[in-house]
Ligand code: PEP
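Take a look at this one chain, the form predicted on its own, written out in structure tokens.
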Amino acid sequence: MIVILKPDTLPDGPEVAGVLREVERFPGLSARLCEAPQGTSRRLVEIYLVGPTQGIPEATFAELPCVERVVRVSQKYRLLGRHAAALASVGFEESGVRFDQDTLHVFAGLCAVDTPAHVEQTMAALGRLGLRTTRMGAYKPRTSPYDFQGLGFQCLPWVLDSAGKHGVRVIAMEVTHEAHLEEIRAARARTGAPVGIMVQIGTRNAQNFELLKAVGQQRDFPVLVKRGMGITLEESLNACEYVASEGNRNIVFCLRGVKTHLGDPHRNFVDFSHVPVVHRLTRMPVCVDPSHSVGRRDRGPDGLLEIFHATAQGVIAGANMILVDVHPAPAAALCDGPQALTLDELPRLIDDVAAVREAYEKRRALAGHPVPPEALGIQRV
């Protein structure tokens, strides 16, 4: 059961204390307080009641003066679920950048950081386009132990410095071990760069439950959880629930293609039709990763790269974030060079995404659910 308090109720105020006293009347019932920001002007506090709630009338809490409404939850996705559309999406802000089910951000960058020069060239290109977000792989789990595993901690200072220099505010960066969280904290403190990190759980770690718990227990970084390469959508969404159950609900779920030969010749079977499904089942923003879904830079007879087409499939379905590989010299990339766009192709991708996003916004308006004005288009500086 979720008790949703009226807007701008203070978590440490007397109204919340009154709700908690009411909880104490019921044996075996406990309460978990969660503040879920719903925008820059609204503060939303939810109280999760855990325990034998079946016999408790909703009116017990619904009639309290500070309560907006009470929602009974289903068994699935207790913290992140919409629960029969009774709950609104839950967004969050990181370093001044807003993420929710209405916004759209392009995280273009290096799948694996290799040289300071390539980082600087990429950040400069993002800055010229007004993009505030990027991906930068410092820690790289690889199928073969002999492949490049990433530069790790040593590259973090110059990645953060370059991002700050060019106005990039949020970097998506995979972590493969709990220790990486502390390394990122240390690098950010040392450089003083005003850059946020969105830690990424890669597809291979979608069922690494101890890592999921670790990123859930910290509050410094929002979390991007990628769908597991060979598991069901439900199993992957439960990975997000693992993170949320430890306290961190600032989560984006990423569709990155499913590992099956049915997707050949693409690297993975593109699953971007699940964007609206995840929106319906949960309150999380949804990301798509066309680079790892397609895995190649082939161009169709219409002149468009297949990565552009896959990206458009996600955007037209309402994706809130795009994770795409770019590289100043793809042939020299140490990881996934064949799927990386060149810096010259990046502006064309952004223009294409803007056109498709406009079409999505028109579709929303026709359905009677227009996108809020502050979320129109690609979010830029």
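Quick caveat: nothing in here was measured; it's all calculated off a predicted structure. A residue's number is simply how far along the shown sequence it sits, counting from 1.
The following text describes the form predicted together with the named molecule, which does not appear among the structures shown.
*Asks:* The named molecule isn't shown here, but in the predicted bound form, which of 269-277, 97-105, 202-210, 162-170 has heavy atoms within 4.5 Å of it?
*Replies:* The contacting stretch here is 202-210.
*Asks:* Go through 287, 156, 244, 111 and name the one with a heavy atom inside 4.5 Å of the named molecule in the predicted bound form.
*Replies:* Flagged contact: 111.
*Asks:* Find the only residue in 132, 140, 188, 180 having a heavy atom within 4.5 Å of the named molecule in the predicted bound form.
*Replies:* Flagged contact: 140.
*Asks:* For 227-248: residues with a non-hydrogen atom within 4.5 angstroms of the named molecule in the predicted bound form?
*Replies:* Counting only heavy atoms within 4.5 Å of the named molecule in the predicted bound form, no residue of 227-248 makes contact.
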